[in-house]
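Below, in structure tokens: the form predicted on its own, a single chain.
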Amino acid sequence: MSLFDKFSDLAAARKSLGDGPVPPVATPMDAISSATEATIGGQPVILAGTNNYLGLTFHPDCIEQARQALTRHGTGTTGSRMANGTYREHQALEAELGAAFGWPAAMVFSTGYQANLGVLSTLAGPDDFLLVDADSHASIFDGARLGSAQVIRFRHNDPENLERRLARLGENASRALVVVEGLYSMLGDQPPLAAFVEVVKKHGAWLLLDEAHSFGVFGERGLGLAEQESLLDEVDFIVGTFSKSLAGIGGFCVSPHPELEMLRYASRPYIFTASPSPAVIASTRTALDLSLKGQELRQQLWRNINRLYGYLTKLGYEMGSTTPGPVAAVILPDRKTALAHWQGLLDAGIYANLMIPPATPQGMNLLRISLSAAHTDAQMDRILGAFDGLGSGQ
């Protein structure tokens, strides 16, 4: 017997992907030359799977502000926010996030994953309830597991199913926190947010919206799906990340409830983790400003999105979502076909994400494309052209 015996199924799954020169999972990048270009296995490729939605990773203002912060403050804080890890800049970023939403409370975490862990495990206590969409991100389920609330799953994007579960709670629904996402990262689908809001308000529950993949993409100012649907006043908490549209690493929670500030003294993932480095905070503040003013970036992103969806649909591919969005999930019949598509794109100089069980919902095999405002028309021509020789995957 061995401690590693439990990983035998994972080892078999990894082996089934083959032993080619470039691994299709955790693919190493030899070099990154721009927001949309890299070298993989010695070959130049167009990046079409990075979540770099606004293309800000190489923006000169973000780089310059990070460089200045390195010079002024060094490489790291070497402490938690509750000790020596709160700099004036951390507080400034929180103030800017709160102001963007017009809300009084904002907390910055070291990662987006940690934001969900820290908020969910602390907000919902032993006498409370967490109602979680069945297709939620791992960080949401892990945050629920870390806490002591009773966890209830409801069917993916199904307000009626949520309604039945809240109804069973009766008066206890006032201690229930419902969690949905603004954009689901595997299939690229969006929730019927207005319907969820109606159900939550009917039962006097609370609503947390994870806008990790929708922040920067939806809404006039890029605040996410709640802004686009004119529902910001109906949401109690929004969690997001810096590692998508804001081109860095970190996470946040904002709320119209000033009592969110009390989580600083109760959230273990917040209290016992080193705070984000000064360079990351500086680049994120700049990226946030660019995102809020980034109407032209969003227009370009959506031109690319609509072009991709239209072309793949014309080729006969089954998509994870019928509604276009920054994540385009191509559903393929089996692992072999998905792997062949991933390799075919890579051979054509296009890097995409191979997504296979157990990471995917319902055991699906997916090829995941995520586009950027930085993709040029010529790069989009190459991405679309690479699909021509692959067939529809049926």
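As the structure is a prediction and not an experimental result, all values here were calculated from the model. All residue numbers refer to positions in the sequence shown, first residue = 1.
Another form exists, predicted in complex with a small molecule; not displayed. Remarks below refer to it.
> By the heavy atom within 4.5 Å rule, which residue out of 273, 190, 185, 86 makes contact with the small molecule in the predicted bound form?
Selected option: 185.
> Taking 4.5 Å between heavy atoms as the contact cutoff, choose which of 228, 122, 243, 304 touches the small molecule in the predicted bound form.
Checking each option against the small molecule in the predicted bound form, the one that comes within 4.5 Å is 243.
> Could you tell me if residue 254 has a non-hydrogen atom within 4.5 Å of the small molecule in the predicted bound form?
No, residue 254 stays farther than 4.5 Å from the small molecule in the predicted bound form.
> State yes or no: in the predicted bound form, is some non-hydrogen atom of residue 250 no more than 4.5 angstroms from a non-hydrogen atom of the small molecule?
So residue 250 counts as contacting the small molecule.
> Can any non-hydrogen atom of residue 112 be found within 4.5 angstroms of the small molecule in the predicted bound form?
Judged by the heavy-atom cut-off of 4.5 Å, residue 112 is in contact with the small molecule in the predicted bound form.
> Given that the partner is absent here, does residue 139 sit within 4.5 Å of the small molecule in the predicted bound form, heavy atoms only?
Looking in the predicted bound form, residue contacts with the small molecule include residue 139, since a heavy atom lies within 4.5 Å.
> Out of the stretches listed (154-162, 281-289, 210-218, 87-95), which one is close to the small molecule in the predicted bound form, meaning heavy atoms within 4.5 Å?
Every other range fails; the passing one is 210-218.
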